[in-house]
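What follows is a single chain, given as structure tokens, in the form predicted on its own.
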């Protein structure tokens, strides 16, 4: 929370000061109204001077209008400051999320990042607005009301002052207890977001397997956890209002009894008692508002800690100083030098002693069973993770010495679980890069997407639904492959991206790659042997290790697993 108040609000200190001053003037005008009324009752009415009564009545009207106008202006300024500051916080958080390393994203989890970017920033925005509106008005009403009541009747004011230490203790103590509880609320909300995200993405599978009741039970369990933690935190903060109200109402009863006695003894006037009770009501409402502000502040403090935890995360995957390795176009395009990697830096290695080279323009095929490390190898090549041992080189240069933007600009990639956006087909292929319409159309032709785009979809300007749900599986893959091909990248990675293509389309795609992308180094992760049979080098992975390597013919002759795969896919024609 300290960083929010001292860093993100600093550019708005001037506007906030002006807003506070306007709010101060409006609040002071509000405070004068009961005092003027008491003066009219006790001093003006007994004189019988109607002109004076009308004059002070006009003063009350002016104060009322001035208080209203100034409070409206100050509130609008407060809303603008909270809006602009929250926008800056949200943009910084989004930018930091975009630059988190894959390991950091795995640690925090995507649902938690979504929750911090939405719910937590909303809580901060709510707090900033509330503090500027009530953070000035309520204390001024409280302190100013007490000071004015001292001028009306010091004895009765002492009764009011005696209650303040109890109210301060209750508010501060409960707020300190509530902040950790609200952290638990946000963690529980993260679980709920994660479950909803998973169920929304897999709704068809859930319905197809008649697992709606199972998922509903899971949702009920997580939802119940959110409710219980929210109930506990809110229940704790809900004690502030009733306790402070009880104390102040008890004090008000004491004031009424003491005031009546003082009027009966002639030690106080009726107008002063009336004004005192008005001020007491004002102070009571102000203290209640302050207690509500502590509720908002406690929730926002927990949210601010979560947001700043992401923004202040150390930057990983920085480019290391270049030592002996620099880019050299004559060097192998890709080189893995005895690379070992494990997720989480503990447990069993996902990849062990991976060692191979691939020349520029060659094609690498990667085969292996599920969990053999095929996709992990791709992530190391693009430096989403750094290896625990060994070195990954691109054109002779250690990828750790390359700026991430420079490194990844050399790749065209389609991942195993890739995403299409709610935009036109052309923009899904271009993806914000400076490619011409002709380059986009050529990439679509090479990816075998052109025919259905200009036919079934009426052109590249046609819009896609969220995640491309108005396309078939094969059409999605072809659009994503076109995205990877656009601009003729130095290295093309297709991570199991042709699984939904029929054999004929797959063959046409491979022919287009051979014809138009001969200078592009290609890495093909596939389940079909037919997709990689033409590759210059094929790696067969098993258990995170290279079980065998070679060309299609060499592996048919020497690798038993490759022979089994070939026989199962080609109908027993391995011989």
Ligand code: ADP
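Everything numeric in this text was worked out from a predicted model, so none of it was measured. Residue numbers count along the first chain shown, from 1.
In what follows, reference is made to the form predicted together with this ligand, a form of this protein that is not presented.
> Tell me which stretch of 115-123, 378-386, 407-415, 500-508 has a heavy atom within 4.5 angstroms of this ligand in the predicted complex.
Partner-contacting stretch among the options: 378-386.
> I'd like to know whether residue 450 contacts this ligand in the predicted complex, with contact meaning heavy atoms within 4.5 angstroms.
It does not: once this ligand is placed as it appears in the predicted complex, residue 450 has no heavy atom within 4.5 Å of it.
> Looking in the predicted complex, any heavy atom of residue 137 within 4.5 Å of this ligand?
The answer is no: residue 137 has no heavy atom within 4.5 Å of this ligand.
> Report whether the minimum heavy atom distance between residue 129 and this ligand in the predicted complex is within 4.5 Å.
Contact check for residue 129: no, nothing within 4.5 Å of this ligand in the predicted complex.
> Do residue 166 and this ligand share at least one heavy atom pair within 4.5 Å in the predicted complex?
The answer is no: residue 166 has no heavy atom within 4.5 Å of this ligand.
> Could you tell me which one of 459, 371, 154, 180 places a heavy atom within 4.5 Å of this ligand in the predicted complex?
It is 371 that has a heavy atom within 4.5 Å of the partner.
> Which residue among 330, 106, 422, 437 has a heavy atom within 4.5 angstroms of this ligand in the predicted complex?
Exactly one residue meets the criterion: 106.
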